[in-house]
Structure formats: structure tokens, C-alpha cells
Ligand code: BGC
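Next up: a single chain in C-alpha cells, the form predicted on its own.
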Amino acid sequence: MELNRRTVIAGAAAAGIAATTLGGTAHATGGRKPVKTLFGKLADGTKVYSWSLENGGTRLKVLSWGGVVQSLEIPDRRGRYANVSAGFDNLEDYVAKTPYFGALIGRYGNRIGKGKFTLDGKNYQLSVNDGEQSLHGGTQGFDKRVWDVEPFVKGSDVGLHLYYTSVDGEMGYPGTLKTKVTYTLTRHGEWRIDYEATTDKATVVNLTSHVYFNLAGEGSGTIEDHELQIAASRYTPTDAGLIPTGELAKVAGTPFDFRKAKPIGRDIRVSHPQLVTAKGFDHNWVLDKGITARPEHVATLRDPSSGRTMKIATNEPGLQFYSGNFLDGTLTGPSGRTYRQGDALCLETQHFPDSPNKPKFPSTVLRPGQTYRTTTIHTFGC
């Protein structure tokens, strides 16, 4: 299925000033313009800005560097706010150390085996940055680029348009790709991401967001007590390089069965070959709904200690659940606490890893005249 056949909701409906209740506390929503501040400078003097948004009880800070979500604050059952996104409080660490904390990922989210693929009879060699594989767009993916940012207020919604043009040949990818990503906070406190891209030459595209979540709060410790539900009966097993084998395996009777909500820690140490290879969960779930015209609910994450919940809706066919397996205590967040294995998790809506080399997987090919569009919505509650 070609990407131009994805159609999504074109934007949140405009509404008047309202008040929404989140975590038992009423929060006024009035569509206030995002606030821009200087976050830091790159070695070449390029300025990187932080944009602060607040609406419907949700607070979001976004960097022009990599489109990074630097913080995401939501209240708990008592109305107390916490940042639920892992990250740093300075630009230097994002540039030198980050494992994709909060970043926009492109051109291709997840892995492409040996960094190679063939399109229309032509072979392409991509930047390799994960052993033999190309991961998240290569050594200088979209997460390491400065994006142009345009704030907006539309009715009771507030948000940011982020723009980046990837030139033909960048990281080995064909075609000049013009990318627009829109972050919106709705009057109900939902965080919506709309991805859009066009190309002048046939290419492959798979954009996603790489926020590391801990609903108990950044730096609060393990996410193994979080309860997760994923609406998927199958997943894509991987080889030793974490590249899908091509099999769509059933989750029934395995640790990968999240069709009913369960604590993440329940099965994470089961001696299953796939868990041993990945050091935990780092796999793509094949969503039962497939590719849909509109975003549909696919996952729910809940932290029993705070009562915070997050529901995810998307029109994508896959969801990568990564349980923070490679956090090793060497990184320190804004709280001053270090991040250890399993202290945060990612839920990345996507097409499948290595799709350019797996003809039976949904296609990630984008051609001139087509427009790549996909949407993911995060809904928070208590």
C-alpha cells in the first residue's frame, strides 16, 4: 500500500474558550500563544530555541533542535504536576549524549538492515550507525537537525509547525524531502502530532516521535509497575541485529501478549529468546486495526502510583514498544537523577522496521505527487 493512500483528520476542530478537568482540577483553556526562549547555541553559533505551550491541563516544551520534546507535564490524581518525559536540561547533553530523548525521527524511524535497500531497481546505501544497521535515519538524522518553528493559535488549540527539508542524498536517501510536523495541544489537553512530507524523487519515509515516558515522573525509577495494553495479536520477531525476520508471530502464549493490560515487569525477565536478544522489549507490534483513514485507539499506559494514564490513537499499522533496555545509569535528567535500565519507555507509532527490504510489509515508499500524512494523538487522564 503506497503512502499516498493514508488519509488523516486534517486538524483539530476550532472551539471557544472552555475549562477542562484533568486530575480533578479545572484548567482554563484559552489558546495562549506559545512562548519562545533561547535554550542554547551549537558549536557553530546556531541558536536553539525552546517553545513552551500550555492548554487543557497539559504543558509541553519543545526544542528547535531535533523537534525534541524537552518536557511534558501532566497532573496526577491529586492535581500535582510532573514532567513525564525523560530528557536533559541543557543543549550540550542533547547534542553529545542523547539516546533520541523526545526527538522527531526521520527519514526512517527504526532500523533498516545493513543500511541497504533497493527501489525501482536502484541500490541505496544509507548511513550505518547501529552495528551493521541504519537506525532512526543514520548518524545525522532528523533528530540532529535544527527545525524551523512557527507557533500558532487556532481557536482553542495551540501548537507549533516544524519544518525541515532533507536534501537529495542526505544520509544516503534519495529525493529532496520537504517535511512538516505539527504539534498541537487541544483544549482537552490532548497532544496531537501530524506528520506530512513530499518528495521530488521516489524514496522511503517512516516518521515517528521518540519520547521516553515515565508516568510517575521523570527520574522516579522503574516503569515495570506501569500497566500497558496494546491492541495487537501479532508482532515482528527480530534477528540478532534487531531486524525483523519477516514473520508476523502470534503474541498468544508469549510475553508479548499485551491484549489485556498487564504490568510491564510481569514477563520482562522471562527466558524468551526474543527478550534475551533485545535485553527486554524492543519490538514492533502489528496493530489489529491495520492502516486506517483516521486515528484509532491502539494502546493505553497507566501508572498505578500516580493514577496518570495515556491513551494513544494512530492511523499507522505498527507500534514499537521499547522498555528502555539500554539506559545504563550514565545519563542524568533535569531532576538530577540518573536513568537506569527500565526507567522510561517508548511507544513509537510507525510502519514496520526494515519495510524497504520486506515486500510483504506495508509499503513505506513515497513518490513525487504523493503526500505522506499520518497522525498520532496522546490523550492524558487520571
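We number the residues from 1 along the sequence you see. Predicted model only: the values in this text are computed from it and were never measured.
Although it is not shown, the form predicted in complex with the named molecule is what the next lines describe.
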| query | finding |
| --- | --- |
| Partner proximity in the model of the complex: Leu242 to the named molecule, non-hydrogen atom cutoff 4.5 Å | yes |
| is_contact(Ser50, the named molecule) in the model of the complex, heavy atom dist at most 4.5 Å | no |
| 4.5 Å heavy atom contact, Asp282 and the named molecule in the model of the complex | yes |
| Contact flag, Tyr212 vs the named molecule in the model of the complex, heavy atom cut 4.5 Å | yes |
| All of Tyr100, Arg111 and Tyr322 within 4.5 Å of the named molecule in the model of the complex, heavy atom check | yes |
| Region of this chain that lies against the named molecule in the model of the complex, out of 62 to 70, 37 to 45, 330 to 338, 314 to 322 [heavy atom, 4.5 Å] | 314 to 322 |
| Among the candidates His136, Arg187, Arg308, His226, the residue which, in the model of the complex, approaches the named molecule to within 4.5 Å (heavy atoms) | His136 |
| Members of 347 to 365 lying within 4.5 angstroms of the named molecule, judged by heavy atom, in the model of the complex | Glu348 |
